[in-house]
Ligand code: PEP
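What follows is one chain in structure tokens, specifically the form predicted on its own.
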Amino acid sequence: MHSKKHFIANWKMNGLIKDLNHISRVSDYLKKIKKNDFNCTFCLPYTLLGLAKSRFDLKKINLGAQNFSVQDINSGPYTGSISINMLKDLKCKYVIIGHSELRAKGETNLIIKTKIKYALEKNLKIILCVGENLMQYKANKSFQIVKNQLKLVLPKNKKDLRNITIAYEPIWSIGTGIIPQNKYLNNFFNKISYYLKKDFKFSISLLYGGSVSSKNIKQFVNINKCNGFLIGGASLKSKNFIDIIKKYYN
């Protein structure tokens, strides 16, 4: 049983220096409330990661990156690339790996597996994204696709698995406002959980991502095995993000 919920913001290619004030407001809100049974993480563009850490007292907020280069774990002649070592230097705690937008650009399971290895070597916690497209969903191949994605990249070592959180993001739901029905999600999360316990002998935290907002967050309260959320556009404004947390618990 995973006691703590996760509310993880993925800003994608959004955010200027002035927008860091939204993170500051979320931080102020978290300091005021007594509830401590959830984790809050902001996965920011590279340009904001160092500034967020240096400008604000983010004791109740973790920082994460959205990606890093698979070329080398430390450094090298790779113009425009960011290594996992650089993220570690910025005090990042989390990193997103395997997001569907990067898979669509050619990121293979082999690349994802290598990135997982690099991140684990540097003791970063991983948010591993998995999910199927609309065609696969309509063909009833969703679980088969996700199971294969997990099978090909997850390590077998329990020590490593403790540092991995899986975010199920159906591609057909990301940014569309279309949310899977509760019956579907309950069944899907149960199947993923059973598969992980059977084949990996370990229980990994499972998140949902895909058009999560303050308007629909209440419908996720009763989803079994769901340990939190990976939130995109609704995380860009502090009011929206705070409302998601408030409405989930109230």
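In this text, residue numbers run from 1 along the sequence as written. Computed from a prediction, not measured in an experiment: that's the story for all the values here.
Form predicted together with the named molecule: not shown, discussed below.
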For the chain seen here without its partner, which of 131-139, 111-119, 150-158, 170-178 has a heavy atom within 4.5 Å of the named molecule in the predicted complex?
170-178
The single option of S211, S214, S193, Q66 touching the named molecule in the predicted complex, heavy atom within 4.5 Å:
S211
Heavy atom of L230 within 4.5 Å of the named molecule in the predicted complex:
yes
The named molecule contact at K12 in the predicted complex, heavy atom, 4.5 Å
yes
Would you please decide whether E101 lies within 4.5 angstroms of the named molecule in the predicted complex, comparing each non-hydrogen atom pair?
yes
